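Coming up is one lone chain in C-alpha cells, specifically the form predicted alone.
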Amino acid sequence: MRDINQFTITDAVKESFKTEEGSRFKFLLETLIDHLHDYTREVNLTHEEWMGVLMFLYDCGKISTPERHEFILLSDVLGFSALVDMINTRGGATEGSNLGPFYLDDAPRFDLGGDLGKGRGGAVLLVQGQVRDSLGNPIANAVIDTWQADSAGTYPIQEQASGQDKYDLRGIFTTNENGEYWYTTVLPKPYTVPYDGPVGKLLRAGNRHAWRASHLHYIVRAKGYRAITTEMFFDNTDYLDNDAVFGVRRSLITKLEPVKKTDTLPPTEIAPNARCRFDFVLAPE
C-alpha cells in the first residue's frame, strides 16, 4: 500500500473490506466507492470543497431529530427519493412517492368515517376509495396510514412549541370487507419544505424554490402484499409541474369536487364541503 496513488487507491479501499463474495452488501459498497472516487477525480475536488461537503452533512445531522429528518429532506430535493420510489414500483401497484421528513409510526387509529381535522379551519374534505390487488380484487383489512399539512400549509408536528399536538392530522384506518375506506379531514395547502436548515441553504444557493404541491401522505399495508408509500395530489392546483421534491406522478393526481346536496355519501362524523376519490393497488409480496 506504500505505492498507492490517486488511481490505485480505489481498488485498495475496496480490497480492504473483507465482505462476503457475491453478496449484495459487497456490490453496493464497492459500487459506491467506485462512483465516489470517480466523481472526486472528475471534478478535481479541492480541500475546501471536500470540507464544505463534510460540514454540510454534519449540519444535516445536527438539525435532525426523531421528528425531523434532514437527510430524508436532502434525499427528496435531490430527486434521490423519487428515483428509489420509481425503481421500486412493482407489479401494477400504485406508484410510490415521497415519505417526507415528518412521518411518525405511531399515529392514532380511527374508525371509518372519522375526522382528522378536529375543528381546524379550512374546507372539510371527504377522502374515499378502495384498496385492491393487481387483479382488481378488493383487499379487506388493509391498513391505511395517513398524515398531512393543514389548511395553512403547516404540519402540526412543526408547531409543538406553540402547543400543537404532533399527532394532529394523522391517523390509521382499516378497510372494510369490500376494501373501502373513507374519512374527513381539512383540505391541505401548498407549503415550502423546511427552509431553515442546510437543505434550505442548498436550495437558495441553487436558485430553487421550496414549494410543494398540496398533497396527502399515505403508507398502505396488507398481509401478503408489498406495502406502498405514496402521496395523493389534487388536479388544477399549484406546483404540480414543479414540485420541490419531484413527488408528483400523473397517476397520483385526483379530481377535487364540491359536495352537492344530491350526492350519496358514506357516513361521517362531520359533513364535508369537498370530496375526492383515490384507489390504491397493492402487488403481491
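So that there is no doubt, residue numbering starts at 1 and follows the sequence shown. Small disclaimer: the values here were computed from a predicted structure and weren't measured.
Not on display, but discussed next: the form predicted together with benzoic acid (BEZ).
- A residue is said to contact a partner when one of its heavy atoms sits within 4.5 Å of a partner heavy atom; Val186 fails this definition for benzoic acid (BEZ) in the predicted complex, lying far away.
- For Val193, a non-hydrogen atom is located within 4.5 Å of benzoic acid (BEZ) in the predicted complex, even though that partner is not displayed.
- A residue is said to contact a partner when one of its heavy atoms sits within 4.5 Å of a partner heavy atom; Leu73 meets this definition for benzoic acid (BEZ) in the predicted complex.
- In the predicted complex, benzoic acid (BEZ) sits beyond 4.5 Å of every heavy atom of Phe173.
- Here the chain stands alone, but in the predicted complex its contact with benzoic acid (BEZ), taken as any heavy atom within 4.5 Å, falls in 93-101 among 201-209, 130-138, 108-116, 93-101.
- Residue Tyr155 is the only one in 147-168 with at least one heavy atom within 4.5 Å of benzoic acid (BEZ) in the predicted complex.
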